[in-house]
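The chain below stands alone, shown as structure tokens; this is the form predicted alone.
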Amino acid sequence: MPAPATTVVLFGATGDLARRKLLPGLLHLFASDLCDDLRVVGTSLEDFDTESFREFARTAIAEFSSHPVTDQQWDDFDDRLTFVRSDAGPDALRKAVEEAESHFPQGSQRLHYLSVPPKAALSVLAELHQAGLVERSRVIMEKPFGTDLASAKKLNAAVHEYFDESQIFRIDHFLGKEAALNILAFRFANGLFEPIWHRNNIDHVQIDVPETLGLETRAEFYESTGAYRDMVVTHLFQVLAFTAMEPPTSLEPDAITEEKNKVFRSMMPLNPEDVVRGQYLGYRDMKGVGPESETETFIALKCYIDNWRWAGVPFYLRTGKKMAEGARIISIAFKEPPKSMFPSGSGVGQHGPDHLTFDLADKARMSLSFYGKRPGPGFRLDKLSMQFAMGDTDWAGGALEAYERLIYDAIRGDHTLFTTADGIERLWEVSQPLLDNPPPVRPYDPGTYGPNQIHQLIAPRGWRLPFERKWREPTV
């Protein structure tokens, strides 16, 4: 459904995120008629004016848009872009916003997107307050949302000085992906799976997000965060909540948010003995990194959700830089039958448990593996799989990219895919034992899957990545 008339105030409008994702995404939302009443006020410290900002936007969209853009679409969008330097002060910002809003005779709402470093976020919020731009507005904030419990509480208190919690949208682009939403559809729309989504049937869960990229341009920033703060609290724990939550009373945002927060409240504090920290060889040689840096570029951990559904089921999370491949998977491992009737040598159990796997990467795929009989005499079993890929459907082209979906949801006031102050603070609370007593950092070679200690963490089980059998690619 089309969104209401909206003026987007884009802070950090000439930064890398705006260039790669936000400006192309806003054009697509406009051109697809999802947000056809849209104005964009860009602001940054760059020495731009409206004309040069429009040229910047056009170049960015031509380079990074994943959707074809016609000249007519650009011409219509171009007229809706204006720019004001962020050092021009609150009065200049308000004037630019009021000028954009004058094109909406029936009035409009405001969406302030803070594509700025965390340290600059509070000064931006204060400026919005001084400019009188808090009314009828919403704010999208980028991670990180603090670095521990004390800083998260301080940040939330400062934000709440100017904005009500209902106005704040803390963004996690992982949850904007179609495959993440498919977890909800798969679980709650199918009577086949929800009854077995339970400790009686599930042995363990893996959420695995290795990355091939290093930290060549971000090492100095990364020194103050590390893999746990950068990825686990803001991304992997959010995916865990979608995987583990109870059925909401409805698909309304408040109902889903409440079930996610119940998962966080049920999480047991992390045990540092259940955590492996790693650092790829060569990281300490990078600019801004000390020769004895203990910052982790890799982390793997085991955590538990202490509620009726999940008691005793381990959740294994892993992510790191400069690893062997880039992937984003959730793997549900089902328990094996308590007794086998099959003869010795049949192959049952030799390929591990049955798995349901969600691929959260851009191709959005799911796979269900199971044992089946191999054709021929005798009773020889082998692993088979059923796979579904978004690209196999005739509606794949209608999928929104993660940032597009999240901006669209924020414009409509839908908090389903965003986290709350209470949720963030609870995650930092369960993280505190690890932050207070982190295990040593283990070295690992670039192009691997992390330190050797990860196998002890998950034993007697095994990591799903690397897959023994690759995803089937669609035939042309």
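Start at 1 and count along the sequence shown; that's the residue number. Here the structure is a predicted model, which is why all the values come from computation and not from measurement.
Below, we refer to the form predicted in complex with a small molecule, which is not included among the displayed structures.
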Residue (of 170, 138, 328, 405) lying close to the small molecule in the model of the complex, criterion heavy atoms within 4.5 Å: 328
Selected contact from 373, 154, 94, 218, since only one has a non-hydrogen atom within 4.5 angstroms of the small molecule in the model of the complex: 218
4.5 Å heavy atom contact, residue 143 and the small molecule in the model of the complex: yes
Residue contact check: residue 174 to the small molecule in the model of the complex, 4.5 Å heavy atom: yes
Distance check, residue 251 to the small molecule in the model of the complex, heavy atom within 4.5 Å: no
4.5 Å heavy atom contact, residue 230 and the small molecule in the model of the complex: yes
Segment that reaches the small molecule in the model of the complex - one of 207-215, 365-373, 380-388, 303-311, heavy atoms within 4.5 Å: 207-215
